[in-house]
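For this one, two forms of the same chain are given in structure tokens, first as structure 1 and then as structure 2.
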Structure 1
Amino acid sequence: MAWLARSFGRPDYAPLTGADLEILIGSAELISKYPGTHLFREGDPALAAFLVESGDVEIYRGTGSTRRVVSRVGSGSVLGDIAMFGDGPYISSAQAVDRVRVFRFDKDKLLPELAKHPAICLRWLVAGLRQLEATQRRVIHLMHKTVLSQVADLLGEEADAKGEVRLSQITIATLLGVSRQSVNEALGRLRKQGAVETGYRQIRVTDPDRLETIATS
């Protein structure tokens, strides 16, 4: 379902610099959330945007059996701004996965402040539009590609410094919007080609270059 996966979470979406933050600090509130608690829920009126200071936050859509994790974002990411600026309800839910500290920007405090500092407003605009363009471009890239290259692409982006990815095949399948079986088959091929090693809930990238080649098939 969520091909856009990481586009939705927008982990690289950071419209605010340190200097901006200093200016805005007056209209923000640094709050702390325990694991499992919600920053906001899908459908709630969007009264605030959030900037993650530390910890990880899980973005998901739907509830119960239709619950789908869309992304997991960390420090520096901005959440909920689309809904807040757009005057609509939140379009996804955000839940803390561990101890999380976030800045909360209340809408009625933030908007006047933005009006006073057009430069920040402009930067936010630029970041938003850049994201729009990146999303379009990425979707075009991913779209009619084979599951194999999609998986390769995701592994390349999701791997940490040691080349490890700790995701179950089901999670990967959900993120890419394909079936678990297809992911399994793709991983099998990657393994046969020597690009990765697989284990329980864990994948190790052994040949990033080959992975990259396959991703751009």
Structure 2
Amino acid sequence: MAWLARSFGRPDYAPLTGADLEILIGSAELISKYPGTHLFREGDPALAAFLVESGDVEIYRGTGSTRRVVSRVGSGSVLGDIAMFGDGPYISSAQAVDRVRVFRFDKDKLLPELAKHPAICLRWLVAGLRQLEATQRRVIHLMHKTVLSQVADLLGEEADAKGEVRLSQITIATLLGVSRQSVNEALGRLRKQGAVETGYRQIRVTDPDRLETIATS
């Protein structure tokens, strides 16, 4: 309940009472997923929405050689709710990257509570809009940038506290809509400029300030 109160949507905009949190908890099931397992798959009926408590989840479309990663999300992210509210199938698949804990909200339990409790409904709406806004902001931010600037910008966003970026070159290429070769060349230039270090399946930001300068150039 404490995690929900501070991490779901905007606590400052739509505070939830203890009773509201009890209702949310009562509508959810806390489940764990191991790396490589799915929360849901593209084309399946959207019967539930998911709120990530911990871990990273990869969102992708297609299968096999046509698989394309759309994004990677973490704690506080809401998944599958748009398809659920639209009463259609999931339009993408969600797969655990590492050990993931999520709240699963079954449609039949959640929708009646949202209809009865405006504060909870508003909090859910705000959570979804924040994610849409972040996606839109990234698209606008990357418009008219060179591949080098786009890669630098993405690495700066995705680096953790240690500077490590847990994205493969293929994933970076897919997220930016460019070729893997272009990403490889950009990483080589960033490495020469001392902004990053690269190894086998490893990218680490070594100079965040230089990386930011390249991203904004």
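Treat the numbers as computed from the prediction; the structure is a model and nothing was measured. Between two forms, the rigid core is defined as the largest C-alpha subset superposing within 1.5 Å. Counting starts at 1 with the first residue of structure 1 and goes up one by one along its sequence.
- Assignment of forms: the chain in structure 2 is the form predicted on its own, the chain in structure 1 is not.
- After superposition on the rigid core, the Cα atom of residue 97 is displaced by 2 Å or more between structure 1 and structure 2.
- Once both forms are fitted on their rigid core, the CA atom of residue 42 lies less than 2 Å apart between structure 1 and structure 2.
- Residue displacement note: residue 127 has its CA displaced by at least 2 Å between structure 1 and structure 2 (rigid core superposed).
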